[in-house]
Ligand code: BDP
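Below you will find one chain, with nothing else, as structure tokens; this is the form predicted alone, and questions on how it binds or moves follow later.
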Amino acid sequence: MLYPQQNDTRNLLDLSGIWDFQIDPDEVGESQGWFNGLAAARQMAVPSSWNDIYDDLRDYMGAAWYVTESYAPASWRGQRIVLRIGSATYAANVWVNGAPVGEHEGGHLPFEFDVTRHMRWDAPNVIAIRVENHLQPNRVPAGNAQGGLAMFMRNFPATTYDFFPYCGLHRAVYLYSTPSTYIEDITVSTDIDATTGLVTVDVVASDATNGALHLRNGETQWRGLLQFTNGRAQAQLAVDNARFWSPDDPFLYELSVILGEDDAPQDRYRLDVGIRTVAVAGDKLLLNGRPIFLKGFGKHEDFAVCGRGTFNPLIVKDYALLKWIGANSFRTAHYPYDEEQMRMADREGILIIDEIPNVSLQFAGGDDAVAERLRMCQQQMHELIARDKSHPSVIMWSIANEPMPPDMMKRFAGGEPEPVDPKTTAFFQALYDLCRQEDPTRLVTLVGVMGGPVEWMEAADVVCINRYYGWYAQSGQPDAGQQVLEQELDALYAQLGKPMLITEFGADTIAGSHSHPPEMWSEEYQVDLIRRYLDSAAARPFMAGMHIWNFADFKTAQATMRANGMNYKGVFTRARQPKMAAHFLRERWTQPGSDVPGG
């Protein structure tokens, strides 16, 4: 799933803008031919979330139609034409000029269709996309589920997760062209041998026989030849005296893949390459063979008015704030982020734990329901790896966030846990195996919930846990919360013996609320709780990182636990203004060796 680009062999047309839009609560649009045009349309921005645009759509999760018209440039005639949709949450059906061209299930990841035979060259092309986001128990993530977090939160809309279920076309929609002989896919993997960087490039191409690789660092160039067999070719380049990609030096080489001859290319594609390795040795997380400590956040794609829709100024702003505060990493909680986010991370040297939307998974509904959820998780994991496998910033795949065992409420209440069903462990093992089969160069993890089964984390390369002692448990008692945290960290390491990250911890905080001594919801309490967690981690050599929840305040469903329908655990406000915690972290994290155990 190559990101579309414009060059001398390819063409690109961004269809983002203002589209016709109409909701379809009775789901009559297809039978009434809405794919040819909307009779009662209003205007909708693409990309955006429809929930934040019109008042009557805030809680609407049903079907809706997007329609636009666009000419295809005459110069594209004779080329292969592709329609690419960056994200449609949750499911989409697509028509071009009245003809169905395909469908896709699962939000947050791109999908595309070859629409060459459906194109008009003497009239505008009508593109229609039907999107729906019904909250259903067997979807990933789920809605309208029984038990677990759903009963605890009692959200409206009825999510099983603590962020708003935004709907719509959240990322750019492109029309692009390629030659008839074209590059279908590129996989870049890197290794290090002393001072030499090894860059292995796998290319899949249609109707190709030969080609070449060009890797550049200014005037210096490394070249390799491609010979295709059954549409596939591989070549490796040895880069002497390589600059290794890291947060301290996010150096990117320019790779060009060419089909045919250099002076008469049939197709060409360019991408950035960062030479780096990631591994685990004992209780250490290693980047380029050296221990690395992750300092950062869980984040959300969330902003006023645009909802989860791509907003490029916000992407640039957030990365500037990450650098300002001294962070080197974040997790894409709890779904894949926009591809521009990943490209920015490559350039800025931010490490990413890349996560599918398998959040608050439950095992209710019987074997068929569980099998359906596994199928959807495997599809989304496969699509995520296909999209992000060549980004140096991505160091780890996360297969789930806070999955819930059947006895979760009993565990929350402090009761004796029931034995873990081996079928649930096998569910996650299938996802671990998929990641390692499709991408053996990166680490794999599962983010465990407070009180969740340790067995589900045994196959992880790095143990990732979310903990809220001092907030949801030991509320208002940071001393007691810190004591319980330290006891559990030591016990988990004794049991699993792997590097560990706390991928969520923090406190809801109303900006401008102050108290002395610190009390819950005040800025002082947030700083005190974060400081305690960081101190506890810094005293333990096996800790490989700390991700605070959250980077910025974000919208949730309405619930008694969520004032104003917001989660206020951000160290920045939703408008990206710093709370006291942000200034505290900047002072702490910008010091050399800060928070690194033994540093």
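From a predicted model like this one, the values you see are computed outputs, not experimental measurements. Note that residue numbering begins at 1 and tracks the sequence as displayed.
What follows is about the form predicted together with the named molecule, which we do not show.
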| item | value |
| --- | --- |
| Residues 84, 108 and 337 all lining the named molecule in the predicted bound form, heavy atom within 4.5 Å | no |
| 4.5 Å heavy atom contact, residue 401 to the named molecule in the predicted bound form | yes |
| 4.5 Å heavy atom contact, residue 34 and the named molecule in the predicted bound form | no |
| is_contact(residue 567, the named molecule) in the predicted bound form, heavy atom dist at most 4.5 Å | yes |
| Partner contact for residue 549 in the predicted bound form: the named molecule, 4.5 angstroms, heavy atom | yes |
| Segment that reaches the named molecule in the predicted bound form - one of 137 to 145, 220 to 228, 463 to 471, 258 to 266, heavy atoms within 4.5 Å | 463 to 471 |
| Residue among 554, 533, 572, 542 with a heavy atom within 4.5 Å of the named molecule in the predicted bound form | 554 |
| Single option in 383, 132, 162, 486 placed near the named molecule in the predicted bound form, where near means a heavy atom within 4.5 Å | 162 |
